[in-house]
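The chain below stands alone and is given as structure tokens, in the form predicted alone.
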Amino acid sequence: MAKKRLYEVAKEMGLPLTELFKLLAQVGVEKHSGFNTLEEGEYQALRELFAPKPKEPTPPAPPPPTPAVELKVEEKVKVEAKKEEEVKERAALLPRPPVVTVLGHVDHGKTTLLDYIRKSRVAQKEVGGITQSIGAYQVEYNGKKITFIDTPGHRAFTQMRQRGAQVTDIAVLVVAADDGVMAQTKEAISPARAANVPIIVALNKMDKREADPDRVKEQLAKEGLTPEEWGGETIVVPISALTGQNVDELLEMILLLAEMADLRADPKKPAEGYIIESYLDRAKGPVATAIIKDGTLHERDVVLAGTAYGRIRTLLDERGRPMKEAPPGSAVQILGLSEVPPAGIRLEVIGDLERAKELASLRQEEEREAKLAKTKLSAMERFQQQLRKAQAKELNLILKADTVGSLEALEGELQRLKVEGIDLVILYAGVGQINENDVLLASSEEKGAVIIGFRVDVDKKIGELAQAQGVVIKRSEIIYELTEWVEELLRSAVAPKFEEVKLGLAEVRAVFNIPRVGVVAGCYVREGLVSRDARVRVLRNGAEVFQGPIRSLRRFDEDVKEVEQGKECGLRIENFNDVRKGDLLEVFILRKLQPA
């Protein structure tokens, strides 16, 4: 038997690909992609697995379990029942069309490919072409639908990721077979990989005499996209968007990945989706295009998208025709919102117009406060604050340098840096000036990213964009200045470690509740001293009941910095009014430990 790809074997057997993987695992064959091939021996083992087996005699019933075993059995039954219920719930959901974004270098044929697919596959039953573009459209192949986002490439993709939008299920990376992997190709790979979506490579322009697919595959492997025929996991389909060569195979691979991902949705739920495009029309008012990821959107539904809200006045499909409803996986144009929402904002059905208005108002207030807070902190302070808040285990970097040699030298020096508790991750490394795509990629990361520029410039417009997005850019002509700066940033991102230094011990001998002041503990210092800048641990009957900073410390009528052993004082504890006579107060400070 000639070697066969797994997706072909699955078709022969009438099985979903995921089921085929499970069967293969039972005979000791580990496969993870439909593009992998099956050897004859593996195929025969699979056939034997399918062969009907003779019925075995029913084994005798096991003896009744002892109480201890019975409990374990009961727990196991509950776990299995829960798993079975989850499987049933999942099975009750219906498959939805995959949402696909096409990325790649500007001259490598993205638009030509989308145009070919649109003309050959959109609404095959209908007469006439597309009357208007809504930023997305659906095609049908082998009775299954695919939704393509028709946006201006990775810039829009990155902007949507910046707002946490999980719109895309699959990314198609278009690479010209005559040109190979270019700077924009690498820029497109970074956000797709960061979004953790599977990437299919469409190796375009195979009709050209200059096409050199092996050279391009070698370049792709260097970028971490090793083709499956080379032992990797990246599906690479050689195509010609101009002639249509192998475009059907590309659509088949998209559906294959969608099947493996088992994309499902509940059409009975209220709709959830994402805005992918929006603008203000003088006649229609705010117009937005949304991809519905789950549930069904209906005409007259009340929706909320960021600070935009409203009752849907009209739903339009990609041909500009009115729709009564938009099911999961579809693209739809929405009229009736209060304002133009930005791309990447989540769309949700609220149900009540007043509630939607109230939520929109709250979000507007939050946005105002966030902008105000931004003006009080530098970009660097905001970034460090963000890292600590996220308890980051990694620091993301985007590297730009003037030459390939400079870039390699910079990468080499940075990769030598080691700080316990945090890893260095290079999201993207390229040659040339820091540009808008670099800033957008940095701001789209959940934990943020820093742009490092070695012997490159930043023009005023890009600097202003970075400031507005809260992106830190560090540039230098000296490589060691950059590595020292990054090392310091790594250290600052790791949560500092402290040790306790005991100062003293005080006994509460009286408690005073003073109006407009609060509870004051009258104390006698038994050991050491009490300091105004210290913390206290409140001990009651030997057990700790509270720990916090000292808010105020007085001796007689004077505020003091510290009170020594053998003297009396009055103190207040921050956020604690339950201090009682007889409590012991352990007084200590936290000393920051220097990293090794």
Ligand code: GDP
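Each residue number is its position in the shown sequence, starting from 1. Everything quoted here is computed from the prediction, not taken from an experiment.
Although not depicted, the form predicted in complex with the named molecule is the subject of the following passage.
- This chain lacks the partner; the member of I291, A506, L173, A241 within 4.5 angstroms of the named molecule in the model of the complex by a non-hydrogen atom is A241.
- Among the residues R118, R96, R346, K110, the one placing a heavy atom within 4.5 Å of the named molecule in the model of the complex is K110.
- Using a 4.5 angstroms threshold between heavy atoms, V106 counts as touching the named molecule in the model of the complex.
- The named molecule in the model of the complex is not approached by K145, whose heavy atoms all lie more than 4.5 angstroms from it.
- The named molecule in the model of the complex comes within 4.5 Å of a heavy atom belonging to K208.
- Of the stretches 349-357, 198-206, 402-410, 301-309, only 198-206 has residues with a heavy atom within 4.5 Å of the named molecule in the model of the complex.
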